[in-house]
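First, one chain by itself: the form predicted alone, in structure tokens.
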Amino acid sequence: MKRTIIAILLTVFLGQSLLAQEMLTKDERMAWWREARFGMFIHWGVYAIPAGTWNGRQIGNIGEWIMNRAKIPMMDYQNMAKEFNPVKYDPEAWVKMAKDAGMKYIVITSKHHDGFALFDSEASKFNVVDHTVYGKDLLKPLAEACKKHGIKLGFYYSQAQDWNNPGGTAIRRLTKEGWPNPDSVIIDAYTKEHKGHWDWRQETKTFEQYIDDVAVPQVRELLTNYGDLAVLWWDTPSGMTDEAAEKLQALLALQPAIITNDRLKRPNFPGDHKTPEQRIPNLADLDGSDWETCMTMNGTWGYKSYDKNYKTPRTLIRNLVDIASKGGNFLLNVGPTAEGEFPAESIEILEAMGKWMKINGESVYGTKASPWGLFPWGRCTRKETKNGTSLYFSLYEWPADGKLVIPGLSARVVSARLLADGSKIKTTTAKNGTITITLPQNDPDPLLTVIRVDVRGKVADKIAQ
């Protein structure tokens, strides 16, 4: 009788939640996301322990794929996972670093392809509470810190690929030379015949059993136990079926305001935004849909101790501005260590970006794509105001003659100034609408200088220059 009553109440609740979700339009759910423009991705898990090295050998490709790339047996990986002990984990410090960097939301890997959950789960004992010496839920204190500091929180969840919970799919990762891998010919031959699996234990259940026994209940836990969530970031659609996707999609009714990406199952479950990975789309590739570039600071998502090939703050700031000028969001990744610390290089990059964002953030937050397309010398974003439009011109190159020419702007210029120091700058307007901005001799910001030009009225889209 009790089970029947609970089932009835849950059905009523889900029905009410689904109705609430349907009442919220996509524009209403996406409003904060379009305003934010800049977020932090966090890839963290057991793979941070080997940090890119297995049995004395550096394993190529991205760090979080080490179990797949090195074909680590399930029992070996699970034994290693027992020693996961992030005693230096400080979720409030993480959130503060994201906020100080100018980021408005965080998306963390609640469970990656290795099947290890960073949260307390009844659906699989391969989780941080039940399986490790640390023994505490890692997501709850992060959710509390995000709420305290006004940062939106999202969870990444690997719904199909799972290398430790039997029945999950697996993808073959080829070497640069292709199959077979000269270091493990027998294993590579096995994976070819077993859809990417390399351990017989991975196939002791069906994919349908995995979805019903692990993925569905874990997603329900994530949507139930951590307060309001802003994003559910699916990954990957490989091996998914429509039936499995429908079961997972139905759970979104538990969080009526949540938004999702396009990686649940393609093409029938497009989500709310697209997710180009490690690249910024060309204008020709954009179709008016919401999109978000996710990108690493160095060459890996999960921590690798020897990957020191970090992008400079200047490059990442230009990436952010380029993305905003095309109407997208930037989700920039950090891969913490097994102890729970951000790498020093990542902290330095975040600090540099934060200093720039404190001065120039208005050229990113809540802006729309450039009405001109791309300029050879830089990028433009725009923001409609009560009295007109603010145009933000970000200069990749400082003009040698000190003149910046903006063609075809029919709106009357009200004011122009440098965001770097607030100084006003002179503009002249020709009869054909071309505006010439006279700049100071020296570039005031070595990272990226932004000029704000306020005009009357709205600015219509132009032909890309």
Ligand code: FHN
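Numbers for residues come from their place in the sequence shown, where the first is 1. All figures in this text were calculated on a predicted structure; none of them were measured in a lab.
One more form of this protein exists, namely the form predicted together with this ligand; it is left out here, but the text below deals with it.
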query	finding
Proximity to this ligand in the predicted bound form, single hit among C294, I258, A369, A170 (heavy atom within 4.5 Å)	C294
This ligand: the contacting residue among R318, H273, K326, R263 in the predicted bound form [heavy atom, 4.5 Å]	R263
Y77, D162 and D199 all contacting this ligand in the predicted bound form, non-hydrogen atom within 4.5 Å	no
Per-stretch contact check against this ligand in the predicted bound form, the hit in 383 to 391, 107 to 115, 220 to 228, 337 to 345 (non-hydrogen atom, 4.5 angstroms)	107 to 115
Residue contact check: T236 to this ligand in the predicted bound form, 4.5 Å heavy atom	yes
Contact label in the predicted bound form: H43 to this ligand, heavy atom within 4.5 Å	yes
Partner contact for W301 in the predicted bound form: this ligand, 4.5 angstroms, heavy atom	yes
Contact label in the predicted bound form: W65 to this ligand, heavy atom within 4.5 Å	yes
